[in-house]
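What follows is a single chain, given as structure tokens, in the form predicted alone.
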Amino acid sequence: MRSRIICKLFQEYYSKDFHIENAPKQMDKREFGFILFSEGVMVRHKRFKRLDELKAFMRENVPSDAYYSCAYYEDPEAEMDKKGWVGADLIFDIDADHIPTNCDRVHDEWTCISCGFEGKGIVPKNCPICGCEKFDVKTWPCEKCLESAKAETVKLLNFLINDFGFLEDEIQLFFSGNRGYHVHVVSEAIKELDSSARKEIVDYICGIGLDVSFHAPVVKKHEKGVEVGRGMRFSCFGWPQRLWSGAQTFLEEANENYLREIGLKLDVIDTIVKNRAALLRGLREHGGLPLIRGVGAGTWKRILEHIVNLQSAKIDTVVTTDTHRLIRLPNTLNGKTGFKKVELPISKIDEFDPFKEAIAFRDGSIKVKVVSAPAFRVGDETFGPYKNGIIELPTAAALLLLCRERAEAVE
């Protein structure tokens, strides 16, 4: 059961402050779904022909979360097999949950549901005390997590615009209201693509199936001796260009510790570090990877595979391939934070601050009993860390703790 004060605040928002500048394209062909405070389960197969109908439903029913389909249907109110699918937008979800970060050791908590053993950071496969495989997990939307999600979003946008040729006015960019970003591609060019075709797009963006061995230096043994040649030259477009620029950055920044982390042997590390300048010069002047004694084709292949991981965009692959996916409705509140899903121009992503621009409640304060919470920022103020204490906080900060189940309201 969600806190009564959360429901009250959401009700106030949808009664007074909820605005949608532009209705979803072909709104009457979309399916809408809601998680209602009153029922606690997903209510879906809803259809709205006009924006005022949707707003009235939100005011009267008060959802904790509101969604609409990426798909267009002949009859959105019918059951799934009878809706009559006619197409779908191309949707991407970039979430910090899918991006490795070090900060999860500080703010993410898990508890074994069997014995109650607690820990922080990555959730183990089994409880180290009782062996149970089920945990209550509490994550946190920290600034480092959201910066990592923003970096992945920038990479995704680069793929969509430079590689696939989508125009900026065909792309909608949103902060999800929680731990990441949503990118919607609304274009006739992709509307009728099925799941298999969308998976090809996903594989390209993620670098899945990319064979880097074409670019590794070649060593061929003949009767007359050994022939050494450069791998395929990099080009100025697509993945070859990314590998070329990524290899330069890698050589410029790689130190002994970094090279050890990706699994290179000590003698190979020593050779790379000592010949860094020559390797960079050969890469830039000849457009291909140089082969030097001690750094062979196998080493370059491992380095290139690491570069693919760095250059690819970390997206939720299931979301993009699902042609019936429900995605959060813009300007609605995220039930996990109390922040809004807000749209932002692609050109403004670098300066976008979700902890300022997604705040829905800017007035008042709430007294809460905090179980535990890391230090966090909302607006220009920093709060915490807290542990088993009672404190009065600005509404947006208190609501974040309440929604994350890190605190209870003191009434």
Partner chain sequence: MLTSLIKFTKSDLARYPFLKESAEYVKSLDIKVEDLQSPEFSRVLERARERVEEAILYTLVSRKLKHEEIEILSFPVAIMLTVATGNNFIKERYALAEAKQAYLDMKVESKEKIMAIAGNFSWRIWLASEAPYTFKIHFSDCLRNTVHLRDKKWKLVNRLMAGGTVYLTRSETARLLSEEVRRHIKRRLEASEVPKLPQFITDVAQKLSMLTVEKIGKSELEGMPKTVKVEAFPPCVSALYEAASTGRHISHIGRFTLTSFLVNIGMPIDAIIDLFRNSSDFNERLTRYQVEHIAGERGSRTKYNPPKCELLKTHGVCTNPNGVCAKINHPLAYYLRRGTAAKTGQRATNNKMLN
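Residue numbers count along the first chain shown, from 1. Because the structure is predicted, anything quoted here is derived from the model rather than measured.
Only in words, not in the display: the form predicted together with the partner chain, which the text now covers.
Visitor: Among 252-260, 207-215, 95-103, 149-157, mark the stretch whose residues have heavy atoms within 4.5 Å of the partner chain in the predicted bound form.
Guide: In the other structure, the partner sits against 207-215.
Visitor: Of C130, L266, A189, A278, which one comes within 4.5 Å of the partner chain in the predicted bound form, counting heavy atoms only?
Guide: Exactly one residue meets the criterion: A189.
Visitor: Exactly one residue in R284, K274, K134, R293 has a non-hydrogen atom within 4.5 Å of the partner chain in the predicted bound form; which is it?
Guide: So the residue touching the partner chain in the predicted bound form, by this definition, is K134.
Visitor: Hey, in the predicted bound form, is I171 touching the partner chain, heavy atoms inside 4.5 Å?
Guide: Residue-level check for I171: no, no contact with the partner chain.
Visitor: Quick one: is V202 in contact with the partner chain in the predicted bound form, heavy atoms, 4.5 Å cut-off?
Guide: Residue-level check for V202: yes, a contact with the partner chain.
Visitor: Taking the partner chain as it sits in the predicted bound form, is G84 in contact with it (heavy atom to heavy atom, 4.5 Å or less)?
Guide: G84: no contact with the partner chain in the predicted bound form.
Visitor: Is it the case that D163, even though its partner is missing from this view, gets within 4.5 Å of the partner chain in the predicted bound form, heavy atoms only?
Guide: Contact check for D163: yes, within 4.5 Å of the partner chain in the predicted bound form.
Visitor: Taking S38, N61 and T323 as the candidate spot, are all three within 4.5 angstroms of the partner chain in the predicted bound form by heavy atoms?
Guide: The answer is no: none of the three residues contacts the partner (heavy atom, 4.5 Å cut-off).
Visitor: Go through 304-336 residue by residue and record those having a heavy atom within 4.5 Å of the partner chain in the predicted bound form; state none if no residue qualifies.
Guide: If the 4.5 Å heavy-atom criterion is applied to the partner chain in the predicted bound form, 304-336 yields T317, V318, T321.
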